[in-house]
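Here's a solo chain for you in structure tokens, the form predicted alone.
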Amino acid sequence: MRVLGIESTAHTASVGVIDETARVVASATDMYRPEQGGIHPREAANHHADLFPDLLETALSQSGTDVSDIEAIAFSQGPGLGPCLRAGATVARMLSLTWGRPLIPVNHCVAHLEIARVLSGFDDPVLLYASGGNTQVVAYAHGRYRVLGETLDIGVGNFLDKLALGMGASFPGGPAIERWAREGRHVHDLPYSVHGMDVSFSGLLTAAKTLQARGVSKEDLSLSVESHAYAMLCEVAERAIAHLGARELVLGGGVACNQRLRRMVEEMARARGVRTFAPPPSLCVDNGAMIAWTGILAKGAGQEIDVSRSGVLPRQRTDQVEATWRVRTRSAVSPE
């Protein structure tokens, strides 16, 4: 079986093809990069609409896949920016109708978890999901993925972008923060905002901007920010592991490309005797292959929808999706 996946939740337009063994047959991706500032949803959507024909052609060419080999079309239904989601959904509907293939809706956050789960070989991992728009700790229980903790305001990637843009970097800002942090020598005190299982980054952003205004170098500021923000993520992930008695942890989302975060998570997991896994960067960032893989799982569970019911869901939560492809004999999380 081969499924084609379309990703368009935010700044990235991507078309991926994957088979039933989770082999990425093709992946064609292009990122919208604003000339200044952050993402402009309508401009990003226009970028996606312009690029999808070429991305589709590239993906099919890379894979050597004929249309007859594609058994379903999966698309990111939510969460995300409405105009961007609609750009991808429109392409998915067109392909479904033109090729006569089933249409499979996919939750973007669940897709990050499922691609990490299959690549790791783990059966029931906790997910630390760190991206621009989302920051969550997630585990499966009773037919759904449950959010055990999350950001109370902005995602960790959004936080890094805002800070980096204020220091002269271009979007996305995370790679610049990571590069500067490698040259940092001093960790300054910043707010450490963990509230039970949740985290908050708005106060950290304000405090970091204050230090910048006082003349703290971008290298030291980046090191300080990474040290505090990633320690917060490690703490809530460790608490989730302890609560569940989990033995496996996976990372997902664009911020999971960061090497300091990976090392900190690995150190925490090793201390607890927990196995951990992070996908390669190309499958941590938004991509069509993860949408296609989750589409394969959802198709096997009969989660096909008619085009008339394929409206996008910009505010769809991870825990609103029925993960009926999962089978478990035990669950440590109580149902809602």
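Quick note: we count residues from 1 along the sequence shown, nothing fancier. Just so it is clear, the model here is predicted, and its values are computed rather than measured.
There is another form of this protein, the form predicted in complex with ligand ATP, and it is not shown here; the text below is about that form.
Novice: Do Y230 and ligand ATP come within 4.5 Å of each other in the predicted bound form, heavy atoms counted?
Specialist: So Y230 counts as contacting ligand ATP.
Novice: When the contact criterion is heavy atoms within 4.5 Å, does S14 count as touching ligand ATP in the predicted bound form?
Specialist: Flag for S14 set to no.
Novice: If you check in the predicted bound form, is S222 within 4.5 Å of ligand ATP, heavy atoms only?
Specialist: Answer no; every heavy atom of S222 is more than 4.5 Å from ligand ATP in the predicted bound form.
Novice: Does any heavy atom of L160 come within 4.5 Å of a heavy atom of ligand ATP in the predicted bound form?
Specialist: Within the cut-off, so yes.
Novice: Just one stretch in 285-293, 49-57, 63-71, 306-314 has heavy atoms within 4.5 Å of ligand ATP in the predicted bound form, so which one is it?
Specialist: Heavy-atom contact with the partner occurs in 285-293.
Novice: Judged by heavy atoms and a 4.5 Å cut-off, are A10, G174 and C257 together in contact with ligand ATP in the predicted bound form?
Specialist: Yes, each of A10, G174 and C257 comes within 4.5 Å of ligand ATP in the predicted bound form.
Novice: Of the options E178, E248, D153, E238, which one has a non-hydrogen atom that comes within 4.5 Å of ligand ATP in the predicted bound form?
Specialist: When ligand ATP is considered in the predicted bound form, the option within 4.5 Å is E178.
Novice: At a 4.5 angstroms cut-off on non-hydrogen atoms, which residues of 128-150 are near ligand ATP in the predicted bound form? List them in order.
Specialist: In sequence order, Y129, S131, G132, G133, N134 come within 4.5 Å of the partner.
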